[in-house]
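Single chain ahead, by itself, as structure tokens, in the form predicted alone.
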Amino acid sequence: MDLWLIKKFITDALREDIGEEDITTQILVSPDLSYRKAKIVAKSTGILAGIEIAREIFHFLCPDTIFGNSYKDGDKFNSGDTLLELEASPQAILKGERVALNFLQRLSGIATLTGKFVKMVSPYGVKILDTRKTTPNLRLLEKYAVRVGGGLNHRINLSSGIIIKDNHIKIVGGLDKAIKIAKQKAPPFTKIEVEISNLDELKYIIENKVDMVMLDNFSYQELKEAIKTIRNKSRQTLIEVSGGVTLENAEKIAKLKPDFISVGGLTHSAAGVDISLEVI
């Protein structure tokens, strides 16, 4: 991760949490106290993401922070594992604790959930994609965590590619029309993906030979029929399955051999991993 990209995330988060001053620490802890050691400890299992952000937070608050043993992003951990050791001013430790843990818990939660999906579908050659259903202003970090967990990033933002969705189709006046306009006006070498929501719309996908089709909220039987139809007509068209994907049904869907399964829940519903900081 390029740390310069997340400097603003860190400063904004610290400003939000500290406000004008950490009153409790200001009253109780003299800035002249000797440096203290602390460790960040896992309280559950998971895949680590965000450890460099945590290091940068303490370094920002105390430039002379000394770091000891540390796990790396992407490492798997168990309950009781020490993820990071550090030595810094007591004030820096207390001021940075909550923000560092918030980033670690959130991003590790996303990486851990992504890893579960990836493990489930990878035997079938299927890739897991994220979506744009991210926390406002934290998209880059959350999509980074998806990659740490073994998933792939779909569009980073609306300028990343063309996806014709249901509301585009309604506004333009039909799927066939929307595809033809996109093909006429798309920048060179830009892939065109089209979202369809029923089997009747498949004919437009096949007739217009789009680069990628998103099968959105299809029933299992509809998915089975749609994937078979597309594969019989075009081996080049990539297939993405989206909508209602859970850990309970992901493997069943993967057995149908789409190219991708997108999961909004990676970023909008991942539970934070239990991680704490302990002063030694």
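Residue numbers run from 1 along the displayed sequence. Quantities reported herein were computed from a predicted structural model and do not represent experimental measurements.
The following text describes the form predicted in complex with a further copy of the same chain, which does not appear among the structures shown.
When you look in the predicted complex, the only residue of Asn69, Asn232, Gln236, Ser219 with a non-hydrogen atom within 4.5 Å of a further copy of the same chain is Gln236. Although the partner is absent here, Leu152 is a contact residue: one of its heavy atoms lies within 4.5 angstroms of a further copy of the same chain in the predicted complex. Contact check for Val126: every heavy atom lies farther than 4.5 Å from a further copy of the same chain in the predicted complex.
Taking the partner from the other structure, a further copy of the same chain in the predicted complex has no heavy atom within 4.5 Å of any heavy atom of Gly74. Mapping the unseen interface onto this chain, Ser122 falls outside it, with no heavy atom inside 4.5 Å of a further copy of the same chain in the predicted complex. Residues within 4.5 angstroms of a further copy of the same chain in the predicted complex, judged by any non-hydrogen atom, belong to 92 to 100 and to none of the other stretches in 92 to 100, 78 to 86, 111 to 119, 198 to 206. Taking a 4.5 Å heavy atom cutoff to a further copy of the same chain in the predicted complex, the contacting residues in 180 to 201 are Ile181, Ala182, Lys185, Ala186, Pro187, Pro188, Phe189, Thr190, Lys191, Ile192, Glu193.
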